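Heads up, what comes next is one protein chain in two forms, each shown on its own as structure tokens, labelled structure 1 and structure 2.
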Structure 1
Amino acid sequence: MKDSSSSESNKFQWLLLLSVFVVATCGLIYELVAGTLASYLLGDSVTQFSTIIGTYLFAMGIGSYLSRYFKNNLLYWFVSIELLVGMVGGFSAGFLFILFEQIVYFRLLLYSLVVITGTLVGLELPLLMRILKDKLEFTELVSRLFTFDYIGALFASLLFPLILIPQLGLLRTSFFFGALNVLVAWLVAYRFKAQLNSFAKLQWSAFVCLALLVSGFILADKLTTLSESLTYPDPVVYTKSSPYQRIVLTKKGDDFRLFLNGNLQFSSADEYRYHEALVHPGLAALKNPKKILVLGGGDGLAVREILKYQTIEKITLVDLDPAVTELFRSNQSLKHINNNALASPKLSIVNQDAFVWIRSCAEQFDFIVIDFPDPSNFALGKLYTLAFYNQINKILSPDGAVVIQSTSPFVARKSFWIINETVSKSGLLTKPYHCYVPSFGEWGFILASKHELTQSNSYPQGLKFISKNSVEELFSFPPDMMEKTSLYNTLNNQVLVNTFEKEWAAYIK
């Protein structure tokens, strides 16, 4: 090792080499963050990683080229660029997360950020070499500089998948390394303030950058909840948190999908199958239906089908969440899907818990549509209990019928037949049926009435799925969807929730 002329110059080198190490580590981390984010958000990790890394390295080349234009005050520029790298790199993940849902040209933003970060990182090494060129012999300089550069790279590439992602997560990792970058910049500036005529300015900038990055680190959890992108395959076009649930609408081409708490409620491409099957087999079988009750179904799609019957005088829609009914009453695209059903003069909307509402209901209805989310928790499970169906029995007119969406008889066989058994226990005659909805799979319904129902010979004009011939098939179950059970769901056993949970868990696994 070469003897240093003084210990001061020795310290000088080591500090700058340390900063090479940090710059290299941070630089690779930003690259990995961008690659990982791109694979998360856009899919196809091979393509994403490959193009991100290529772009990044190319941008470093641009940076190296540009370094020639920096003539004086090299130390000042080095510190400033490092601060800038810390800010751009540190905020890149958070930035991309939030903007993913908001902007159309996401890819453009992603690659611009990669180019900016790469260029800035690419500037650093040549600048550093020039700063050190008088302090070290050239062979020694190149050897040390690149050694530290590559050690930093190895360090980062091991740290990233093994420790950072599992412990800190993507967002915090990026904020953390941004802060590290800024700290090193400050340290370098502080050590060599004598050689810097604008130290105070740099120091203040460093503090501001650091404060911003630390706040980002602390608030990272909030940022993650702000961004739903990781959960949904298609671009998110609308999100809202009501006191009851998280409403998310995605759109890909012409296909709108509604998610409540992450569960798909419908896809506009095939929802007609579901809603025609839900409404028509029961409603068309009634002689002169006048008063209709819809429980759940705030999307207005069941109401759209019901409005195809001329005899109907009054529809009451009870949905817990005003945020859902409001969305489907006012949003242009959604109004198009439900044919503006929620604006019908025949319809009155009640935003209340359905169980509480039916317990105090004194009217009777000719047709009742029960379209609740699947019984995936105890609160929803209450809406599938004997107590609930006993109450339904009371508010169903003597010649009326009720239809209940009853999850998938293929995936959750036991659950489906438990619902059937619970409805029969309330004294109603049940006629279970099922249909195939591509976005859902095989789906089940229970039609129930006080007297035997006979299937109608005619259905409203213009249906795309239900017809006299197709209805008959729906009522026949192949052996893989049959199950005998004597279990029925009550408030005090919630056997349905427990069964449903097991069946879906097994299916997803």
Structure 2
Amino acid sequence: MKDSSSSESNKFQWLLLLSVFVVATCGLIYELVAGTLASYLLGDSVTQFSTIIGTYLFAMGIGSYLSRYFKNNLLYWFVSIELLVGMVGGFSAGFLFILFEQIVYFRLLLYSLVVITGTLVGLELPLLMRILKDKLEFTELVSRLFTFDYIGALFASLLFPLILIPQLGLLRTSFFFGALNVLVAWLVAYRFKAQLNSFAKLQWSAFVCLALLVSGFILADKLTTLSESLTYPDPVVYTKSSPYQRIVLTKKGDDFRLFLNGNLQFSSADEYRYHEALVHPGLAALKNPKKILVLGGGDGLAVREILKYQTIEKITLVDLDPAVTELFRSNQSLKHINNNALASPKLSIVNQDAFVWIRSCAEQFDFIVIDFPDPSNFALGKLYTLAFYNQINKILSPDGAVVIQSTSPFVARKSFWIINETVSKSGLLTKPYHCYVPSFGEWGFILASKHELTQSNSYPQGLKFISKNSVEELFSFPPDMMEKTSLYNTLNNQVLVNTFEKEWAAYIK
């Protein structure tokens, strides 16, 4: 009898410890989903993740405190809370995606869900400790519970970026782990049904919750399509969640538009204005350029313009996300837009973080195109710092030039001139300029070199926008875009990100 009793006790302990592992894994997954979703929809990933994590942990503290008021039927309450966590966490991503464009106070809704989820997860561990307190010595209890808790957290943190987001996406990840919570709740209830007076009610609740979550998992693509149809004005023709960003392509008539994390990257109706202005003023001013580096620009549109120069022998394209370069290398419509530039034998594609790649680069280039997204968060802001431009200076040939897309000098005037000042601090001579792109408005660029550049009188045949006369106009700034005294951007201060965020927020209002 003693051996049988001991065996039952061990099974009891291990099942509940398995529950700790699942609780920790699911809890962190919900936290990561909320942070990722917030960065997709609201931008500034560092701020979003920081505030989401802080709020979530605070809410877990609230849950831990509230656990003191649960006096009886602890197994019943544990199973019930587990079911509730599964439903709230499982449906949170879909709920937020669909309502993003429908409600004014989206942040309030987002953080309310984070607080609810965190509070429920915070209740679970104290309840488990009290359930197990008579089964294990205190030191053994604490040791085992926190070991399983931390292992679950590690498992979730590795699984989320490497497998879940690339393979399942945000919505299916939420539904999957919600279902996992519900399955654990049902398993605990079934295993200890003799100790539960309300087993039948809990079992039916678990079946209903599981059916809803599985249905959500199956219909995730339709829910995503619905949410993105509400977010984007034009029909969505392609979506993909990579480990780095949410990629959305829309099409209306002949106009394709690319969005990364909700931010417009180009419209095929007028992108030629942007990319001709980005490439030709600098490249045409060089004598016999041969080796070119493109940082960002995974759509191949800058490469398309560079290939119009017969002297070019080698182009290296460094873009973080292979999902973007593969899309623009394989999609027939997009290959038509970039003239199949990514298939050029002169081109080598490197899918790596440019900030890391450039530090180990031993080559020098005649022309460098820096076409990163705007510095809307600190991960992007590092690519606009003095440290980065110092590395650019090292790999730029003595007679070469570099051009940097530098946001709107009209909307983000201070930000534009911060970029100019930062490039100047690296020792390069700068020539800021701008052009009008209907999809974006006034847009700015910084052309920089080690020696004074003389503008060319000759440009490739077939350009739609750039000519000798139009280039001269680009370098003239009206009073409302003229230079302002500015700081420069470093890794330590990241002043550009904060300035950029304030300027665009004020403009959007």
Partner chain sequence: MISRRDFFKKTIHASIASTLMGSLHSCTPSISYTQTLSGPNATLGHRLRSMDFGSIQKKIETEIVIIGGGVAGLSAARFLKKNTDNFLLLEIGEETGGNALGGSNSISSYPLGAHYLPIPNQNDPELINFLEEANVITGYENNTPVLNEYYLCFDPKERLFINNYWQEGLVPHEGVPLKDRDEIRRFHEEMNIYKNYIGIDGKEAFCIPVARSSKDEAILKLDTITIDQYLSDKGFTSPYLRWYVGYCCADDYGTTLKETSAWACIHYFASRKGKAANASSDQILTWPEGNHWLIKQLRKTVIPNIRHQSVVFAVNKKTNGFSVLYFDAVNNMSVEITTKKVIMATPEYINKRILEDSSNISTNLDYSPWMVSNLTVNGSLTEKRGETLCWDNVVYGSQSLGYVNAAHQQLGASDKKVITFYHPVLGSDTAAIRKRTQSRSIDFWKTTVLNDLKKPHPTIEEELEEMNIWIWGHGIVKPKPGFLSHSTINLERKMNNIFFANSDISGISIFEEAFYNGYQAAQQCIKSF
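These numbers were taken from a predicted model, which means no experiment stands behind them. One-based numbering along structure 1's sequence throughout. Note that the rigid core is defined as the largest set of C-alphas that superpose within 1.5 Å between two forms.
Annotation: structure 1 represents the form predicted together with the partner chain, while structure 2 represents the other form. When two forms of a protein are overlaid on their rigid core, residues whose CA moves 2 Å or more are considered shifted, and R191 is one of them between structure 1 and structure 2. Taking the rigid core as fixed, one finds a CA shift for F148 of 2 Å or more between structure 1 and structure 2. Taking 2 Å as the criterion, R68 counts as shifted between structure 1 and structure 2: its C-alpha moves by at least this amount when the rigid core is aligned.
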